[in-house]
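Just the one chain here, laid out as C-alpha cells, in the form predicted on its own.
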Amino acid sequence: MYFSSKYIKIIVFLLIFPTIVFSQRKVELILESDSIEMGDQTKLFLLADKNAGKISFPIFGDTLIGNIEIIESNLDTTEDGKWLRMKYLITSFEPAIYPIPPIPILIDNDTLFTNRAYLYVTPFIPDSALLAELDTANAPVIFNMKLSHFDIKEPIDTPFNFEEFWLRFSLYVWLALLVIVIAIVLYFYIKKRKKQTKEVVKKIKSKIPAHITAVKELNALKTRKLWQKEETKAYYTQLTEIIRVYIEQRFEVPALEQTSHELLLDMKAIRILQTNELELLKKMLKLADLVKFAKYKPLSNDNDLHLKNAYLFVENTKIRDQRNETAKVTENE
C-alpha cells in the first residue's frame, strides 16, 4: 500500500506526541540532607511540573514511613516558578537506614512516581571527651538485627471458664477506673503546671537580673540530685526550663512556648549569641529532647557536663553592666 510523505509525517507525529506530553510531566523527590543524627530535622521536597496539569500530592499523617515522623508540611512554588513543591519537615528518633520508595503524584488522570531516596539516621554521639568511657563491647548493634525463626504452634483449645472470665472482666473494670483516675490527676497536674508557668513568666518582670535567678535555680537543681536518684527525665526537664526562663527574661524570646528547633532558629536569627554559646544551647536542648522523647539514657558524666554548660551559658550571656545591681541585690538578701 502506498503512503505519501505527508501521511507518514502525520502518523509519526501521532506516535511521538503522547511520549512528548508524558515526558513533560516530571515529578521528583529531593532530600535536603540524606544523613541526620537522631532527633535532628531535615526537609523532604516533592516536586511536580507546574504546567503538566492538575496536580494532587499524596496525603500523609504524622508518619512518612516507618519511624520517619512528619513535623509540618506546606505547599509552595519554586523560585523559578516552574515547579509546584510540597515541603515536609521530617525527623526520626530511631537510628537506621530508611529507604524511601517512589512516591505517587497524581497529574490529571495519570499517576507518576518520583525517584527513590535513602535517609541515614545515625545514633546520638556524646562529646568527644567522653567517648573513651563508652563500653563498646556492650554497645547495641543498630544496623545488624538477627531474627530467630520458630515453628508455628497449633492453637490450644481451652474450655470456657466463667470464674476466669469474671476475674478478667473485673480486672478490666478496675483498669478502666484507674485510667479515669490517672486522667483526672493529669488534668489537674497540667492545669497546675500551666499556672506555675504563668507565675514564672510574671517573675521575669522582676527587678532581679535574669542571670542571678538562673544561677539560684541551677544551684537548687544541683542540690536536689535528681539524676543520681534515677530521675533523669525530671532533671533535664527542670534544667531546660531554667534555661528557657532565663532566655525569655534576658533576650525577650518566648522560649517557654517554642520547640527546641524553633528556639534555636530564633536565637540564630537575632544574632546576639556567639557560635560557642549557640552550640552550648543546642547540645543542652538536643540531649534533653532525646531523654524526654526517645528515652535516651545519658552517661553520668553527660549529666554533670550539661549542668556545667548551663552555668557557662548563663555566665557568658549575662548583661555585663548589671554587676553593681547584682551586688546590691545580694547585700539586701
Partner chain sequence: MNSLSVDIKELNERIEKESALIETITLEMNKVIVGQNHLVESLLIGLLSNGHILLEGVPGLAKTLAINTLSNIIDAKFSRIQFTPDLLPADLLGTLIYSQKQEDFIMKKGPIFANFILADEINRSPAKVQSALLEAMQERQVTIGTESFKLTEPFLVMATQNPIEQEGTYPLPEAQVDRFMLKVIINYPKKEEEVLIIRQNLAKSFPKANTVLSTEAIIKARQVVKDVYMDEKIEKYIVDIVFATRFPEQYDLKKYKDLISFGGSPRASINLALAAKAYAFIKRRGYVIPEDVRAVCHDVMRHRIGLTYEAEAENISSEEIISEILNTVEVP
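Keep in mind that what you see is a predicted model, and the values were worked out from it rather than measured. Positions refer to the first chain, counted from 1.
Heads up, the form predicted in complex with its partner chain isn't pictured, but that's what we're talking about next.
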| query | finding |
| --- | --- |
| The unique member of 250, 87, 222, 233 whose heavy atoms fall within 4.5 Å of its partner chain in the predicted bound form | 233 |
| One residue of 295, 308, 43, 268 in contact with its partner chain, assessed in the predicted bound form (non-hydrogen atom, 4.5 angstroms) | 295 |
| 4.5 Å heavy atom contact, residue 302 and its partner chain in the predicted bound form | yes |
| Interface membership of residue 78, its partner chain in the predicted bound form, 4.5 Å heavy atom rule | no |
| Contact of residue 290 with its partner chain in the predicted bound form (heavy atom, 4.5 Å) | yes |
| 4.5 Å heavy atom contact, residue 262 and its partner chain in the predicted bound form | yes |
| Per-stretch contact check against its partner chain in the predicted bound form, the hit in 117-125, 210-218, 233-241, 176-184 (non-hydrogen atom, 4.5 angstroms) | 233-241 |
| Contact set, 61-76 vs its partner chain in the predicted bound form - heavy atom within 4.5 angstroms | none |
